[in-house]
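Take a look at this single chain, the form predicted alone, given in structure tokens.
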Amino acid sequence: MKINSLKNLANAHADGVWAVAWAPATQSRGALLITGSVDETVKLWKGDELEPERTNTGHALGVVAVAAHPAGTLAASTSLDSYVRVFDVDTNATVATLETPPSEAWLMQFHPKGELLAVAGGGSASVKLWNTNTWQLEQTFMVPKSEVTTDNKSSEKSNAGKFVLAVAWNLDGNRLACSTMDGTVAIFDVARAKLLHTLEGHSMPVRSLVFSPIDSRILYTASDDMHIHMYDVESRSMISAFSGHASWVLSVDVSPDGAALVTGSSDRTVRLWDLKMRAAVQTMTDHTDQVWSVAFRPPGGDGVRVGRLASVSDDKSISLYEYT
């Protein structure tokens, strides 16, 4: 397996680019790339050419995350302005505007069947699930509090460190994982709205996580501790740990065939990892600043024979790669 650089688009945004996702292909068009920036805009690009399609200007502060509905028709963006904006990918029309308290809308992901949108709740120590038909808040999953020892009390319940950064659905949509600032990962049984357990092993914030597209038990996490972990969420066991980045690992994604991982880091590199070898096989240096987000293009679309991968950076650029 390998990735080849196809294009690096400098000054794609007027400020650092923090978020990237793919809107899957539909019957009328190919997949589109969605990017979100500190410049407060969300931009849509033709997936193979990186030619601009549309710009969405609805946010009042920097865009933290973008996500696409599995049908490819809708997308959502979260911002430091505490709003989640849902819009039509092909017309830019606003579908819904979801308001949250300050610091309570971070990374998000649509359910595999598209019926829910899970949003990491930041300082609320929760994950909020929004119904994508009514855009009403359907459920809130609370991340458990930590035990903290103080001078005055032997054990005091506290939410210290439980700032929820990212969320991920498994392939079946029956498990939801969320990561926190203190390095733990909570696993929920969605149907029963029940916390199953927490996964430990990271010593610093976990900013990104993704389930395998071929095995609902397998979860990959990326952390500021410079490591990527592979967990079995059912047995609560860490299968493997990957190391090689020289600084924080800010983003992780898994290839549609389930054979490779890609990571973006504040060491300014993008790395490709062979999951059979459990080792890095390639390091890309297209960016000149930290790489905030990476994303493989989902399968589907007429004439699509090779994979695509995108990365975005504080250097304001987008890089597009071919994955084979």
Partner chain sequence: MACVYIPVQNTSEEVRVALEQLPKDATDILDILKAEQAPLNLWLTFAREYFKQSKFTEFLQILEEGSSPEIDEYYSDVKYDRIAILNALGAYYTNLGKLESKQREKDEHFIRATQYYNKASRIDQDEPSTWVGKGQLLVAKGELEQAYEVFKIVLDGQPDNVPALLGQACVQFNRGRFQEALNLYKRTLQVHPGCPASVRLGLGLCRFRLGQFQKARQAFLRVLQLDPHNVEALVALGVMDINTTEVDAVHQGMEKMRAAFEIYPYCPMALNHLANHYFFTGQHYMVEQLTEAALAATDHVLMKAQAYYNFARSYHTKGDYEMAARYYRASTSELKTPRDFILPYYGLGQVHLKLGDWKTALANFEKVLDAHPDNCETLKAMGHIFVQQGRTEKALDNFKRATKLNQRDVDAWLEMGELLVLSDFGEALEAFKMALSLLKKNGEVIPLGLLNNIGVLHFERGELELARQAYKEALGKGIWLDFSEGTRSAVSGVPNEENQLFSSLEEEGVLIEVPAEKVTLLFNLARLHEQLHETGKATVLYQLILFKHPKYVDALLRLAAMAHARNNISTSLDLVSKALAINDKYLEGLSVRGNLELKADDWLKAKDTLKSILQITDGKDNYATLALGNWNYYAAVRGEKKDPKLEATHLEKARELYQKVLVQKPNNMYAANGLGVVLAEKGLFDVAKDIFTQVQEAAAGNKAVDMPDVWINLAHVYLAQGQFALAIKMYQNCLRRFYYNTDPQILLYLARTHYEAEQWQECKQVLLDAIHLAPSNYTLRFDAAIAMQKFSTATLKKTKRSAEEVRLAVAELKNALRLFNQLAGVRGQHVHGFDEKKLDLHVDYCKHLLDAAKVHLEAAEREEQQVRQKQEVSRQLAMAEDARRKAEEERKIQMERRQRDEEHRIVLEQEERLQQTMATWNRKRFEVEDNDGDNNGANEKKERRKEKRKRKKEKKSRPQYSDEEDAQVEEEVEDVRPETPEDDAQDALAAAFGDSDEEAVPEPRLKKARRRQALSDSDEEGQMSPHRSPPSDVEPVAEVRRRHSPSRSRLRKRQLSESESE
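Predicted, not measured: the structure shown is a model, and the values here were computed from it. Positions refer to the first chain, counted from 1.
The discussion below concerns the form predicted in complex with the partner chain, not included here.
Note on the partner interface in the predicted bound form: the residue among 80, 171, 190, 233 having a heavy atom within 4.5 angstroms of the partner chain is 80. The contact with the partner chain in the predicted bound form, taken as any heavy atom within 4.5 Å, belongs to 38 out of 38, 284, 295, 261. Contact check for 102, 204 and 239: all three have a heavy atom within 4.5 Å of the partner chain in the predicted bound form. Looking at residue 112, you'd find every heavy atom of it more than 4.5 angstroms from the partner chain in the predicted bound form.
Although the partner is absent here, residue 217 is not a contact residue: none of its heavy atoms lies within 4.5 angstroms of the partner chain in the predicted bound form.
Taking non-hydrogen atoms only, residue 90 never approaches the partner chain to within 4.5 angstroms in the predicted bound form. Interface residue remark: residue 289 is counted as part of the site for the partner chain in the predicted bound form, having a heavy atom within 4.5 Å. Exactly one of the stretches 190 to 198, 112 to 120, 246 to 254, 126 to 134 approaches the partner chain in the predicted bound form with heavy atoms within 4.5 Å, and it is 246 to 254. Contacts with the partner chain in the predicted bound form, taken as any heavy atom within 4.5 Å, map within 1 to 32 to 15, 18.
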